[in-house]
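Only one chain comes next, encoded as structure tokens, the form predicted on its own.
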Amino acid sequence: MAGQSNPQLSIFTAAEVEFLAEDEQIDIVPNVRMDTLHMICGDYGPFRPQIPVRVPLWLAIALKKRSKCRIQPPDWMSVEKLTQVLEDEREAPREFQPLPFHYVEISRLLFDHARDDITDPYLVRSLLEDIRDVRFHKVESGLETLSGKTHAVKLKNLAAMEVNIVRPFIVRALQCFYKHDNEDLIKQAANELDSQPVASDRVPRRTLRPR
């Protein structure tokens, strides 16, 4: 899996982060009667019409595609909750409001596969985009304070996709600061540069004929 090959950067693709988010639990309201589903990851069901049941997001989407259920969006996706989160984000420029670790991926999956189950989808999407913009602005403002004296970065309440985006830059920045502050590494880099053979771009010149 991407990210495990290079532990220093450890970055996942957006699709891989979304794949991990599909294991999050969510409530559905079945419209059919089914027995318990026995999966490797656990047993889910039994399913009875109009009786909510909790299942992984991937199973909810699979049943939704077959028109066998209605997905109940989580409470934090309501207009009231998102409006409050947005106001709190704006009022606290140095803090991130607590949201589900996979809130970006969960909302994206629900908009892709269960848009008709979301109340006020246009407003919900707009609020989510505003929240992401405010949070990323905070991240950018925080990165501007990095210096050679920075040995670690703590970002509390950052979500999975947000961490995945900023992690490579932070790691590279800290590595650069460390190299510049370490005289041994600077000398080593200079010696390696001096020891590299210099490619000559000179070629024999052609003798010009006298006019």
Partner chain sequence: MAKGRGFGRGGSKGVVMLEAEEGGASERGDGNCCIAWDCEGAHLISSNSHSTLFFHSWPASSSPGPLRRLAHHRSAITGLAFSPSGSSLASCSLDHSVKLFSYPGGEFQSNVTRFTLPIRSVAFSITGSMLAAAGEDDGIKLISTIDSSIVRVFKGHNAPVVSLSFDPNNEYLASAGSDGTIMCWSLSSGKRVHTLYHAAPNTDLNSSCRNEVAWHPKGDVLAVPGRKNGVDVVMYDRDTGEKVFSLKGGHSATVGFLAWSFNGKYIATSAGDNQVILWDVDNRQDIDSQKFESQICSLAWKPNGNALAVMDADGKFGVWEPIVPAHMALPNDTSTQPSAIDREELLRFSDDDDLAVSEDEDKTLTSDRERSASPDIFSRSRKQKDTEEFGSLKKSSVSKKSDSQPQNKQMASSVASLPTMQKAFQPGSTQPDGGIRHFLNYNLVGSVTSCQNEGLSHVEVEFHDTGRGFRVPAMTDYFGFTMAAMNETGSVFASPRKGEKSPSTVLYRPFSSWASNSEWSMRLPAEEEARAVAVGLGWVAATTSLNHLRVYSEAGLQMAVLSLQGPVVTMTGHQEVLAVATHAAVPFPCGQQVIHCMVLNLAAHTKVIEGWLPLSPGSQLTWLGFSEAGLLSFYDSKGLLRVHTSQYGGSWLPVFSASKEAKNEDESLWMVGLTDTQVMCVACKFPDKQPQVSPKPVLSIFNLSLPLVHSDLGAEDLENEFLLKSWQLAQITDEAVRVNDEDEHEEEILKLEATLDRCILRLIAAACKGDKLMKAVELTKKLSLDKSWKGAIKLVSAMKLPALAERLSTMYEEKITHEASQEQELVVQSALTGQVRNTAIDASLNTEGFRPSATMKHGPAPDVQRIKSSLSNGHVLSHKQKVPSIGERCEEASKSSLSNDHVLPQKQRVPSTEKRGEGPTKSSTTGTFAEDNGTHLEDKATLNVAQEEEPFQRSSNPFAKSASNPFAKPPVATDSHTGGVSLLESLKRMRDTELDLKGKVARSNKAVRHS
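Small disclaimer: the values here were computed from a predicted structure and weren't measured. Positions refer to the first chain, counted from 1.
From this point on, the text means the form predicted in complex with the partner chain, which you will not see here.
Figure note: of the listed segments 87-95, 130-138, 107-115, 68-76, the one touching the partner chain in the predicted complex, with heavy atoms no more than 4.5 Å away, is 68-76. Within 4.5 Å of some heavy atom of the partner chain in the predicted complex lies at least one heavy atom of residue 48. With a 4.5 Å cutoff on heavy atoms, residue 52 counts as touching the partner chain in the predicted complex.
Proximity of residue 39 to the partner chain in the predicted complex: non-hydrogen atoms within 4.5 Å are absent; the residue sits far from the partner. For the chain shown alone, residue 156 is not a contact residue for the partner chain in the predicted complex, no non-hydrogen atom being within 4.5 angstroms.
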